[in-house]
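As structure tokens, one chain now follows by itself in the form predicted alone.
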């Protein structure tokens, strides 16, 4: 049950209609995988830790580079050259010592994807490489887990949620093959990745608590040059190699 300390910390968000102590208890008992945890995933992790998600599993390899600092807000300038996952775990622990943060110093690959997805209730995909995204998609479909999909480029971002079940599409329905133009490095502002990261965290909170309507079957896009928003429907493909018949 929620402790007096937890009730005090989460008081304001428990005032949200439909949350209350029951919704907060669901957050406390939930687990979320975030991969990876840079400019986008870092904000997802930060907001979920602040909201009281009981367990965060974070997969992120590599050392911090100077070019990471403009958007990866769980990093500090004195950490350049050191493993990013150590800074992530430390900063989240400082924010909320009441939750469990499990740091995995690896990126998603064929060897670890089943175990990573199997540890959690919800997956938030923030990987910069489409190879990792498609691996996560295949495994979440196989295990029947929901996956929040976030991405950004320059001043644009998009977000959707893939729900388990025979009627909803998956990432392979939207992208049957890896887009040839997708690159590991690309132009972006931290404010863009932070915006869609907060939205991704909210999608995960909705999935856990049952409050609101997740973006199942809908792709929400925004161009922050002029704040134009577009919503597109994603249809399930019967010939999809992952979720099709």
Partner chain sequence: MIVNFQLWGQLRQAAGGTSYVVDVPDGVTATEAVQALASSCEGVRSMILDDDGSVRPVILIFREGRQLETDDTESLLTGCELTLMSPIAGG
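Positions refer to the first chain, counted from 1. The model shown is predicted, which means the values in this text are computed figures rather than measured ones.
Omitted from view is the form predicted in complex with the partner chain, to which the following refers.
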- Task: May I ask you to state whether residue 79 is within 4.5 Å of the partner chain in the predicted bound form, using heavy atom distances?
- Result: no
- Query: Within a 4.5 Å heavy atom cut-off, is residue 89 in contact with the partner chain in the predicted bound form?
  - Reply: no
- Query: So, in the predicted bound form, is residue 71 in contact with the partner chain at a 4.5 angstroms heavy atom limit?
  - Reply: yes
- Taking heavy atoms and a 4.5 Å cut-off, does residue 174 contact the partner chain in the predicted bound form? yes
- Heavy atom of each of 126, 152 and 231 within 4.5 Å of the partner chain in the predicted bound form: yes
- Which residue, 112, 143, 168, 156, has a heavy atom that falls within 4.5 Å of the partner chain in the predicted bound form? 156
- Testing 112-120, 98-106, 79-87, 129-137 against the partner chain in the predicted bound form with a 4.5 Å heavy atom criterion leaves exactly one stretch, namely 129-137
- Item | Contacts with the partner chain in the predicted bound form - residues in 39-70 whose heavy atoms fall within 4.5 Å | 39, 40
